[in-house]
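Starting off, we have a lone chain in the form predicted on its own, written out as structure tokens.
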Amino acid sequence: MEEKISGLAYVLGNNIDTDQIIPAEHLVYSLTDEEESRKYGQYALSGVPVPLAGLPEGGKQFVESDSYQSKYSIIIGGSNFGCGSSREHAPFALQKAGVKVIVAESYARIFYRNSVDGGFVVPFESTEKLNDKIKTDDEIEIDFKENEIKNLSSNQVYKLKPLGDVLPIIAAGGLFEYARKSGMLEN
């Protein structure tokens, strides 16, 4: 696993639920067929009303209509990110769209566990509200070793809560890969 991840930020508000992350009408695609599963990336965050996307300035689509991937690899959210239903499709869709890291004030427990257990995205928690300090299209660098998020566009640095015991699970690529690599499961 990389010690640092850089990319463009996409800023969201509070209570972004799993139906906004991947609306139910798009749950018809195969998760295992590589070609078909790309659709999850195409429709990631399509349930978020565009005026709310990119808070505070608003108005940016997460994935362009002719693409399967977003130019945004880091999501900055508010509190209770991933609330709603327990669908594991939500962090999967974000991964398929090219998201590597989400930084939020807090997460719905099941979304957080699905993100970690599936090895889909890295769910960092911020130590302060960041969705009013970072803007969509800011260049961001996440430092795993220092537990920091650097806004390279504004030259600001913010602390993140350490990932702790979930870091080795994420680094392994998910819970089952971690169990295999640590000898808990047979290959």
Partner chain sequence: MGMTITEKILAKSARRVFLEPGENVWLNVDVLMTHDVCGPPTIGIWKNEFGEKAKIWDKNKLVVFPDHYIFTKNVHANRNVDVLRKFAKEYDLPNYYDVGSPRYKGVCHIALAEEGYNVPGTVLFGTDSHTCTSGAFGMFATGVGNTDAAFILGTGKIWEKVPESMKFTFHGKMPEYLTAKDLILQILGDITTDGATYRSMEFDGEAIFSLPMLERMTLTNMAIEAGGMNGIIQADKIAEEYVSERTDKNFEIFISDRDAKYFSKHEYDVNKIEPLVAKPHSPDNRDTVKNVEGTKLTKCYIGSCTGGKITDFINAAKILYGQTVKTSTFIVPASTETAKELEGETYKGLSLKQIFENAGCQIAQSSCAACLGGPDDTFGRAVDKDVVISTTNRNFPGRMGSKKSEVYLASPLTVAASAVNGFITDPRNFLM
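Positions refer to the first chain, counted from 1. Being a predicted model, the structure only gives us computed values, none of them experimental.
FYI, the form predicted in complex with its partner chain isn't displayed, but the following is about it.
Remark: residue 114 counts among the residues lining its partner chain in the predicted complex, judged by a heavy atom distance of 4.5 Å or less. At least one heavy atom of residue 79 is located within 4.5 Å of its partner chain in the predicted complex. Interface membership of residue 46, defined by any non-hydrogen atom within 4.5 Å of its partner chain in the predicted complex, is confirmed. The closest heavy atom approach of residue 27 to its partner chain in the predicted complex falls within 4.5 Å. Shown without its partner, the chain has 106, 107, 108, 109, 110, 113, 114, 117, 118 in segment 97-118 as residues with a non-hydrogen atom within 4.5 angstroms of its partner chain in the predicted complex.
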